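Presented below, as structure tokens, is a lone chain in the form predicted on its own.
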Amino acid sequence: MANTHTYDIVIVGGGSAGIAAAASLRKRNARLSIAIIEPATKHYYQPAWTLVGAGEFDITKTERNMADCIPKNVTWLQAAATTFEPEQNLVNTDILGAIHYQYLIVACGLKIDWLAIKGLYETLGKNGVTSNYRFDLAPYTWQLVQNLKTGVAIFTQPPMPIKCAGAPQKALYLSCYHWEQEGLLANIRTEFHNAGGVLFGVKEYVAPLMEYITRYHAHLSFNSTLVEVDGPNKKAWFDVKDEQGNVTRIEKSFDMLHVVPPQCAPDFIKQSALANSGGWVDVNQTTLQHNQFSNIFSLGDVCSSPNAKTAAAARKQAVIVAENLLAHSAKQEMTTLYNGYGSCPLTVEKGKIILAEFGFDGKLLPTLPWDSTIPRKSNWLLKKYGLPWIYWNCMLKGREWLARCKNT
């Protein structure tokens, strides 16, 4: 098909990162021709799904039409990107042919691999098997929590990296809080099976989180990876690695199973010239410019920067990409540098949150001058009411209040 689409900037992905980047660029230069390649008709505020799974948020308020989220004067190309030809400055799509660009921004998110765990996909949404990582399943989580009076509740976390590393244990804490308030916790055995070796990757937050693990009498199993589910028979199998690296497969019975599946880069990214050895878009972690192709940038979950994959990170990265792309196009030095900022509001109980904010190498980067390891009611109000408003009205609109990294 002949190429009929040419733009100054093409963005692959209409999620949080892609739209935020487009809005940031439009704010800085209204004359740019910008297109977003995105096949989906709906846009989701995914950070609220944890609260949906605890009966604390209306699922319908996390969904909007994509057409209402694309910034004004940005072209929406409703298609899926399939391959890249970076030497020719082309992106190929499934139905619109080739799209030509001067600059490319890759912000297509990651792949949640529901099929990687044997038997999981067939039983999701029934037989007590759920996940807050899907729009249609988060309400089922709350249904299961309310209905469980006795038995075994298992929560899982796959190998890193994943979208919002704290989300697997947030589901555990909020479920346990409900059972505690209902006087049911003593009747329910809760287990947290973590494929990693630590409760949380930033050491300062481990101790306060362990206080809640103790309070809720949750049983921790590290280096334990979910590999198979038999929903109808309420069975799950885990591969457990010991200190010597030996792996043993164990069987567990459950009444409720909250699964976080493995996550990876999308296949069309893995198979492209843009990917590093891990499959992620290969960028300089401070400028977010591609390490091989200077007119390509990337942000959000798909980029190789070793930060927490959260919407809070994408909000900061949008500023980095917008300013560095424009500087590069003007043949100026790229001086806006990313410090790895990510934020994870750890919902340890209804009404209190530990707001984990950190950057590269686990350096604490609290927005406010206080001890960020303390659970606070104000953080709960921020998570439930403030952040959704900021997302829809600031992040997706190019309004960048507190969106700049402190070192820039």
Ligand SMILES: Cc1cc2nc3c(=O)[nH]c(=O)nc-3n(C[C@H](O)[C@H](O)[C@H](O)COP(=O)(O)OP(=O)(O)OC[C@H]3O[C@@H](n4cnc5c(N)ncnc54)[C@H](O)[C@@H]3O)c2cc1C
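Start at 1 with the first residue shown and count on from there. Keep in mind the model is a prediction, meaning the values are calculated, not measured.
We do not show the form predicted in complex with the ligand, though everything after this point is about it.
Enquirer: Look at the stretches 210 to 218, 295 to 303, 119 to 127, 329 to 337 and give the one with heavy atoms within 4.5 Å of the ligand in the predicted complex.
Expert: In short, 295 to 303.
Enquirer: Evaluate residue 231 for contact with the ligand in the predicted complex, applying a 4.5 angstroms cut-off between non-hydrogen atoms, and reply yes or no.
Expert: Heavy-atom contact with the ligand at 4.5 Å: absent for residue 231.
Enquirer: Taking the ligand as it sits in the predicted complex, is residue 170 in contact with it (heavy atom to heavy atom, 4.5 Å or less)?
Expert: Close contact exists here: in the predicted complex, residue 170 approaches the ligand to within 4.5 Å, heavy atoms only.
Enquirer: Examine residue 71 and determine whether its closest non-hydrogen atom to the ligand in the predicted complex is within 4.5 angstroms.
Expert: No.
Enquirer: Going by a heavy atom distance of 4.5 Å, is residue 133 a contact of the ligand in the predicted complex?
Expert: Looking in the predicted complex, residue contacts with the ligand include residue 133, since a heavy atom lies within 4.5 Å.
Enquirer: Using a 4.5 Å cut on heavy atoms, which of 90, 227, 273, 79 is close to the ligand in the predicted complex?
Expert: It is 79 that has a heavy atom within 4.5 Å of the partner.
Enquirer: Exactly one of 199, 153, 137, 311 has a non-hydrogen atom within 4.5 Å of the ligand in the predicted complex; which residue is it?
Expert: The option sitting close enough to the partner is 311.
Enquirer: If we check the ligand in the predicted complex, which of the residues in 12 to 51 reach within 4.5 angstroms of it by a non-hydrogen atom?
Expert: Heavy-atom contacts to the ligand in the predicted complex: 12, 13, 14, 15, 16, 17, 18, 37, 38, 39, 40, 46, 47, 49, 50.
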